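We begin with a single chain expressed as C-alpha cells, specifically the form predicted alone.
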C-alpha cells in the first residue's frame, strides 16, 4: 500500500508508487481541520489531516483567526501541508519537521497508534499542547518512513508579528560567496534573520521571474509574445544582474526590526547590495513605475515588481502558485493550473544535498555541482537554504522535456552523477527519490538493516523482498 496526500511531490516521484505492484491509497479526501473551532492565539495548534492544503488552512485562518499563520513552502497552494512535513520539507520559516507532533498513525498490523500525549485521547488538555509525551518519542519513525499511514497530526501555528519585512541582498562579486554565506549564517544564529535565508543563483532567479515579466509586458503593455519575451530578457539583466541573491524575513516590533536591519546592513556592507522590501514599498514602487511604463527602465521595474509580489507574500506566510506556474509557462502549458503540473511535458528531478553551514565548503561544493551538471549540458538552478544554525540544504533541479526520451535519459544520468558527487564528499541528500535508494542503502547496509527490523515489527506483512537492496542477513 502506497499512501499519497495530494500526490504533488513533484521532482521526487509525485504520486508514483516506489515499487511495482502497489495499491495507491489516496488520502486527499481526508481534509478536515479537526479542532478548527478550538484554534485561537492562546491555542495556536491545528490538528490536520493529510488532505488539508496550504490554500485551505490559509483561507481558514484568514477568516477565523487572522492573527495566526503557518510555515508555508514555495510550492503550489494546493499541496498537502502534512505530506510535505512528513517528507521533511523546508518552509519559509524553517524545517517543517519542527512544526508537527502528536501523530495519529494506522500501522501495518491494523492498530491505531497516537504519539506523544495524544495517546491520552484528543480530549486530554495535553494532547495538542505538550509535544513530547512520556517515554520514547516515536514521531520520528514516521518522517520519511513507511512504518504506517499518518491520518492526522498537530501542526504548530505562528503569530503574525507587528512588523514583517523582507531583506534582499545581492552579492556584488561571486568570489565573495563564501564570506556572504558565513555572514548570513551569523545573522541566522543570532536571530537577526527570523526566517530561512534563501540564496538563489542567477538561473534560479531568472527562472522564477521570467513568466511574471512576460505576463506584465503582454497584459499591461499590450506587447506581442516575441517582443514581450525580448523585453523580459532585457529587464532581467537590469533588475537581477547578480550571480547570487538572498532573501530572508525580519519580523518583530518596530524597534526590533529597525535594530535588526541596521545590523544586517552593517554586516553585509561591501559584500552585498541590501534592499528592504515591504508591501508598501512594492505598492508605491509599482504605482510609479507602471505610470511611467512608456520609459524602458520604468517598464522593466514595474514588470519586476509585478513578478516579485507573490514571492514577497511567502515571507509573510502567504503561499503562492508562482513557482509552479513558471514551470508550466516554460513548457508551453500556461493554460494548466499548478496542481496539474504532471499533465504537462515538464520533467523535473530534484537533487538536494544537506551541507554544513560553512561558507568555504558550500561555495566550493556548489561550484562542483554546477560543473558536473554542465558536463551533461544542464544549467543548474539552485537555492542555498540556510535552515538551521549549523546546517543548510541546497535545492537544485534538472528541467527537461519528458516527451523526448533522449532528454529523459540525459537528465537521469546527470542526476545519478550528481548523487555520486554528493556521496563522494561524505554527504547525502535530505530528501531522496526512489531511484536513489539503492545507492543510499549500499553505502550503509547495516543501518538500513535496523530500519528493516523496525519495519517488520510495525508491518509484519510487508511484501517487499528483504534482498531488494542486498541488505545483510
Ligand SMILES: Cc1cc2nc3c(=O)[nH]c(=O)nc-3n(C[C@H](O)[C@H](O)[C@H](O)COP(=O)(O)OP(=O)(O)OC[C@H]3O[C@@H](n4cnc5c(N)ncnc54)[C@H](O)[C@@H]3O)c2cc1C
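Positions refer to the first chain, counted from 1. In this text the structure is predicted, and so the values were computed from the model without any measurement.
We do not show the form predicted together with this ligand, though everything after this point is about it.
- Contact check at 4.5 Å (heavy atoms) against this ligand in the predicted complex: none of 207, 353 and 378 pass.
- When contacts are judged by a 4.5 Å heavy atom cut-off, residue 372 does not count as touching this ligand in the predicted complex.
- Looking at residue 249, you'd find every heavy atom of it more than 4.5 angstroms from this ligand in the predicted complex.
- For residue 195, no non-hydrogen atom is located within 4.5 Å of this ligand in the predicted complex, even though that partner is not displayed.
- This ligand is not drawn, but in the predicted complex it has a heavy atom within 4.5 Å of residue 79.
- Though this ligand is absent from this view, in the predicted complex it lies within 4.5 Å of a heavy atom of just one residue from 264, 183, 170, 327, which is 327.
- For the residues 242, 388, 73, 278, the 4.5 Å heavy atom test against this ligand in the predicted complex is passed only by 73.
- Stretch-level contact analysis of 160-168, 108-116, 86-94, 359-367 against this ligand in the predicted complex, using heavy atoms and a 4.5 Å limit, identifies 86-94.
- Along 117-154, a non-hydrogen atom within 4.5 Å of this ligand in the predicted complex is carried by 146, 148, 149, 150, in order along the sequence.
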